[in-house]
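Consider the single chain below, provided in structure tokens and representing the form predicted alone.
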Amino acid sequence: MSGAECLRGQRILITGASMGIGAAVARAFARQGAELLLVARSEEKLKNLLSEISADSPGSAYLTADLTQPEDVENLVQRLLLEGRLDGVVHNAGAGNYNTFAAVSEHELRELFELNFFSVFTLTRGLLPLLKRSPRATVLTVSSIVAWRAIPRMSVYSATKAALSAFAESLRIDLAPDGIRVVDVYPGRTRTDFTANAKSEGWKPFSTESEGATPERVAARILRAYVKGKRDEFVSFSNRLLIWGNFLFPSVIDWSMKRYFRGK
């Protein structure tokens, strides 16, 4: 069965859809005939995106919500339940934080967990009644390589993504009896405003504005993983090397990171 046949008419929620990977995923899924529910904070950006994809996906719509706010997440669940139908969720919304753990305030820590993890948990649990009624339901989480190998100055962000991937791994087994597939994607460095928007005290490890894979390439891999119901999808080959290197030679990876971050 082709991607178009799998996705045509499917009602799919995409969070963080207004820009970057989320917007690219929306365009890719719309071209396959999916009906999308786009979620983000910026109504203007969502309107523009909806106008762009309307020819391919006339049944799509958008909903504004701030997923760092638990009440917004709960309200979103209730609004979606009223829709009465949902075939899949792409949990793409997320943010970064570049700081030593001692420099991260408790407010920043909790806010990042609300967005990167708790919103995923609440939305997935709240929308289960709809997903269970779908014959081909899929939950896809957009994680990070730091879920496998945490990076200095990104301890809080790494912790949120580790929690997300552990959640997805367990959920995959929990929801299997209901026929709900769970896919976890690791995009790697992508050319978006992720680094520019991440909170930091001035230090940032790299620039995603000009380095990494294009959002379109990542979206194509996400689309493929979603259609196939893959267990895990690693977009970057270098990420796979890091995982194997950390598995086989963890002390060497520790030494390399200490050397790189020394004096920074």
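Start at 1 with the first residue shown and count on from there. In this text the structure is predicted, and so the values were computed from the model without any measurement.
If you look for the form predicted together with a small molecule, you will not find it shown, but the lines that follow are about it.
- Residues placing heavy atoms within 4.5 Å of the small molecule in the model of the complex fall in a single listed stretch, namely 91 to 99, out of 124 to 132, 77 to 85, 168 to 176, 91 to 99.
- Though the small molecule is absent from this view, in the model of the complex it lies within 4.5 Å of a heavy atom of just one residue from 67, 38, 30, 219, which is 67.
- Using a 4.5 angstroms threshold between heavy atoms, residue 194 counts as touching the small molecule in the model of the complex.
- Within this chain, residue 214 is remote from the site of the small molecule in the model of the complex, having no heavy atom within 4.5 Å.
- Contact check for residue 19: a non-hydrogen atom falls within 4.5 Å of the small molecule in the model of the complex.
- Proximity of residue 190 to the small molecule in the model of the complex falls within the 4.5 Å heavy atom cutoff.
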